[in-house]
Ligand SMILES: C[S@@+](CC[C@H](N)C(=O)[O-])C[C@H]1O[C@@H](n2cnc3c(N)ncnc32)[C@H](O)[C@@H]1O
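Shown below, as structure tokens, is a lone chain in the form predicted on its own; questions about how it binds or moves come after it.
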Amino acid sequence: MTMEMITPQKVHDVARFAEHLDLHHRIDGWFSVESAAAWDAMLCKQNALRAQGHMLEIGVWKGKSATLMAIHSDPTQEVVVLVDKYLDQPAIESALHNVYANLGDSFQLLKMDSRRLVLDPILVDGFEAFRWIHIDGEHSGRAVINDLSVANTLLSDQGVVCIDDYFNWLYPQVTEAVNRYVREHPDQFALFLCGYNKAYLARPHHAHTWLQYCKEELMGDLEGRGVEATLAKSTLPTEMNTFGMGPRFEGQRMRGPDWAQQTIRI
């Protein structure tokens, strides 16, 4: 982390994430430390931007990623909604109790197919009221399109949608569905970052805030959390204004196009 990026708040955030890693490793699931570090960094950035709103996860498993959402939620005014067709409530509640002794009304656990969310009052009551949405449910293209449609209704101006298994060779239909939805709804979503098995979408009018964050802060924030990555912007913004990130590549912290590797344009 560069010296100009270190603030007392960032020191606190990094220490809290280090404490969370013990819990992270004890819960079953496929949520990598690298993705957890990226989530933690971006959720901290939302706090710095004073972005408030509820959180939603479709596909919860044992609550591994849900605990990180819970750490960043404000139980006095934000609700974490967890949706899973095969909801393992005892396991999820056990995981969440490591964060909050009393879950109360700040957490809603819904055992249902996410396609039924279109019939749930959440779609009306939560209109544009969610700042963080994680889609990790059924991996068919049809289900991903449905879940993105739900996210489109619920996401706030400053919110982020994260989709699991983007670029995962086991599920090419997930990548195709995400790309198709973004292409067909250019006024609703912009893909600003992908990497470590995840894609990240923002509202187009707010995407530049996240692109600037990726360029100026993300690598330092990841390094502070013990992750050495490379952030790549391998083409011009006019072709695709999206960052990629992955394991440290050829010792480079950031990498531009092949013809100008030191140049990062957003």
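The structure presented is a predicted model; accordingly, all values stated were derived computationally and were not measured. From 1 onward, residues are counted along the sequence shown.
The same protein also has a form predicted in complex with the ligand, omitted here; what follows describes it.
- Note on the interface: of 71-79, 174-182, 93-101, 110-118, the segment with non-hydrogen atoms within 4.5 angstroms of the ligand in the predicted bound form is 110-118.
- Taken together, the three residues 31, 60 and 137 all lie with some non-hydrogen atom within 4.5 angstroms of the ligand in the predicted bound form.
- Contact annotation: residue 64 falls within 4.5 Å of the ligand in the predicted bound form, judged by heavy atom distances.
- The shortest heavy atom separation between residue 127 and the ligand in the predicted bound form exceeds 4.5 Å.
- Along 79-107, a non-hydrogen atom within 4.5 Å of the ligand in the predicted bound form is carried by 83, 84, 85, 86, in order along the sequence.
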